[in-house]
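Here's a solo chain for you in structure tokens, the form predicted alone.
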């Protein structure tokens, strides 16, 4: 009987495990291996260079600038998404009728492709010509059209990048907050009302936010990791027939051009990817320790 159970286990799990190993772990290990070789225009290098690729990447101003771009993007998108998604969750949680409808409406953008959303933002809403929606609204007030994505000064492209990412992911994190809100014991709010606490900021600060601590930590961690992985909206919004501009290049866009651009230096690209993965791991662990993820009140 145990042998038969084990057989059925591998029947169902085997194809998934094989696909995961073939398309995830093998390329991952191969990329790590390439980072120690001179792998320009080849995936089967023979010239071992040790840590030279890592040194070159860390000394590359463009790579360091890409990390700065990530920091700016994170500084905007993480708190903005947190506040908007929490606000939506609080509003939907208070609705007495059609709650499922509003929950579905706000969540639907999460199912949209980042590429499609970026193209809609680029060609319809924030088009640089006067027929774009944003410039049409500005024209109603007598303001000249704005080239939202064409110039780095002023950096209006950040408004486009932040709003498209916010629209795409706020609904998903709203669902996480809704799940956390529904786990809060209503007796806490009743006790607060008996003690004279006014509904609003006082209840939010002293009851709702402390009870949502675990959910908030998870949301912040996911937001930071997803910001590191930003690629689709940057590439599809800012690139054109002439290529990608020299500003606002997040790490993945820079590594894409390093490994698959004209030089096709897979060694440097792989080294950069390993550095980025290590940075994500260090930031995630440090953030988890700072936010005391997994600790209970008894642990101090």
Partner chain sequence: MAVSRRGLLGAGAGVGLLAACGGNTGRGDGKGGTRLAQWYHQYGEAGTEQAVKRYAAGYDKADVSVQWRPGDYDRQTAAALLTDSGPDVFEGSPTLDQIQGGQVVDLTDLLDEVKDDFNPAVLTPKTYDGKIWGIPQVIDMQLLYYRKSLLKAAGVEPPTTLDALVDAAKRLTDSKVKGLFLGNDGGAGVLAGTPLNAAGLQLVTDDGKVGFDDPAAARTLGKLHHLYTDKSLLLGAPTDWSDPAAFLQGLTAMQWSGLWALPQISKELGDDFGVLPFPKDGPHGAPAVPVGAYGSAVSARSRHREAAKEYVKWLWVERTDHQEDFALSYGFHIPARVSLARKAAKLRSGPAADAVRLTTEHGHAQPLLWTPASQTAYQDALVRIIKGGANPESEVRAVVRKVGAELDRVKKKR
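Residue numbers count along the first chain shown, from 1. Every value quoted in this text rests on a predicted model; they were computed, and no experiment measured them.
Although not depicted, the form predicted in complex with its partner chain is the subject of the following passage.
Exactly one of the stretches 269 to 277, 22 to 30, 66 to 74, 247 to 255 approaches its partner chain in the predicted bound form with heavy atoms within 4.5 Å, and it is 247 to 255. At least one heavy atom of residue 42 is located within 4.5 Å of its partner chain in the predicted bound form.
With a 4.5 Å cutoff on heavy atoms, residue 201 does not count as touching its partner chain in the predicted bound form; it lies far away. Within this chain, residue 58 is remote from the site of its partner chain in the predicted bound form, having no heavy atom within 4.5 Å. Its partner chain is not drawn, but in the predicted bound form it has a heavy atom within 4.5 Å of residue 264. Out of the listed residues 115, 147, 98, 83, 147 is the one that sits within 4.5 Å of its partner chain in the predicted bound form by at least one heavy atom. Note on the partner interface in the predicted bound form: the residue among 127, 208, 93, 216 having a heavy atom within 4.5 angstroms of its partner chain is 127. Contact residues in stretch 85 to 123 (any heavy atom within 4.5 Å of its partner chain, taken in the predicted bound form) are limited to 123.
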